[in-house]
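Next up: just one chain, as structure tokens, the form predicted alone.
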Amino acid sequence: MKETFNIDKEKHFSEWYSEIVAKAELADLRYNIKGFVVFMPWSAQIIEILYSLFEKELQSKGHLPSFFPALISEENFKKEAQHVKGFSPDVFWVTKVGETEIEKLALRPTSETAFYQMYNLWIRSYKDLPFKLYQRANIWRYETRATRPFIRSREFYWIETHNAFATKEEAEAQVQEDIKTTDKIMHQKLGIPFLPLKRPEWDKFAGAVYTIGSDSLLPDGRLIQQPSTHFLGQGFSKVFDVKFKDKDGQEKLVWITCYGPAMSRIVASIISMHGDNSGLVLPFIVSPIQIIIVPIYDAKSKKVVLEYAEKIKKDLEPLRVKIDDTEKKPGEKFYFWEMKGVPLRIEIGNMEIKNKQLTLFLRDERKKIKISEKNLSSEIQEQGRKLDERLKEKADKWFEKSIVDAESLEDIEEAIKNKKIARCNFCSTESAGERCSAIIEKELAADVRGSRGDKQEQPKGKCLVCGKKANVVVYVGKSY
């Protein structure tokens, strides 16, 4: 009998997730500092591909790459009052070199206070705007909640963009462009659906005018925040004196936005959304190995089969292809690569060589089809495209069914119990609504995540908590 994980993903997601991270060799938790994880080669390669997808998209929209120091001066960090209040409890401070005391330096928990001191030096005229930089970076935050690899840790890997504009309208257009970037890469290409939610006033990014977080759902019914985009207004511009001279010669403050897709968290959604009880199921576009070739032979046919496998591999380049020519039995190879989530498997034996027809295994549907050697590369690429589309369609249908309308606290409670997101009428996401949100959090252990940041939804009737007129439609769920 074929080995499986022996853990049902739907019934025991937490245990399933932990086992898949270990068995697929995605991360090792045995690093001897709590909350820090070693990302192993398979996940590191996935993250590198994610970086390339996002960076290509960002550069096509005018963002240029940069690298900033990991250390931020205490003076800089404390310049923006709301920002420092929001992040200070989580900051790692460097205070010594050897045994010598030094000025306190912050390991960046985010990089606004690093970027904008330089924007003060670089931006002079309206001709310098828009000014759009990004960096790929790791950041450090002393998370006190339970850590879990890729979902929540004290060091994670992301891209952050920092953008300066001449007008508020241009800056807010960038926020909407960021939502579209998330949709194009994370949803359309990787098959991870999400809700772009404008966070309530009490839950926005420290120092922002407003925040839009992209909430995805995991099979245990918990929301995970994916790329977030922040409209920072002119708060940071004022404290770092980031100004430009307009066409009329007047000096004005720039308007600033920032955007942060976390590669490690996106990996968590890929694992959770597409995986099954046999292991990972990776989208074709992001899998480190897109096609695994498994030659099947005996002592007599080994040379011929391996030579033919090499020919097929060469025909498929520059796709990411590997031949498993280890001495393991075919069944062991099948299990191993299915567990690793490789999207397509080509099986080659004497019959395939004779008939010039290859056996192709589709990881997502777990079925085999026959494909001709003729036009192999284009056929494989088409099969990869179809696989990614199937993953997206399946995820979208599941996500759509996971959002339910609620008209009472009991309805929200039922939704949370059934691992769903509740959509409901609410009094306000400004400070006036914080009391109602606190009631939901206390009684249901759930959060008001916000209202749609990409479109208007019209509320009807009354707030289901306080009974006052509803002014907004919000989404409520449990989160990591």
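Only a predicted model underlies this, so the values are computations on that prediction, with no experimental measurement involved. One rule holds for the numbers: they count along the sequence shown, beginning at 1.
FYI, the form predicted together with another copy of the chain isn't displayed, but the following is about it.
In the predicted complex, at least one heavy atom of A44 sits within 4.5 Å of another copy of the chain. A residue is said to contact a partner when one of its heavy atoms sits within 4.5 Å of a partner heavy atom; P65 meets this definition for another copy of the chain in the predicted complex. Interface residue remark: Q225 is not counted as part of the site for another copy of the chain in the predicted complex, having no heavy atom within 4.5 Å. Taking non-hydrogen atoms only, S431 never approaches another copy of the chain to within 4.5 angstroms in the predicted complex. Contact with another copy of the chain in the predicted complex, judged by any heavy atom within 4.5 Å, is made by just one of R199, R265, R108, H83: R108. This chain is displayed alone, yet in the predicted complex one of K245, K104, K394, K311 has a heavy atom within 4.5 Å of another copy of the chain; that residue is K104. Between 434-442, 451-459, 417-425, 29-37, the stretch whose residues reach within 4.5 angstroms of another copy of the chain in the predicted complex through a non-hydrogen atom is 29-37. Each of L71, V91 and L121 comes within 4.5 Å of another copy of the chain in the predicted complex, counting any heavy atom.
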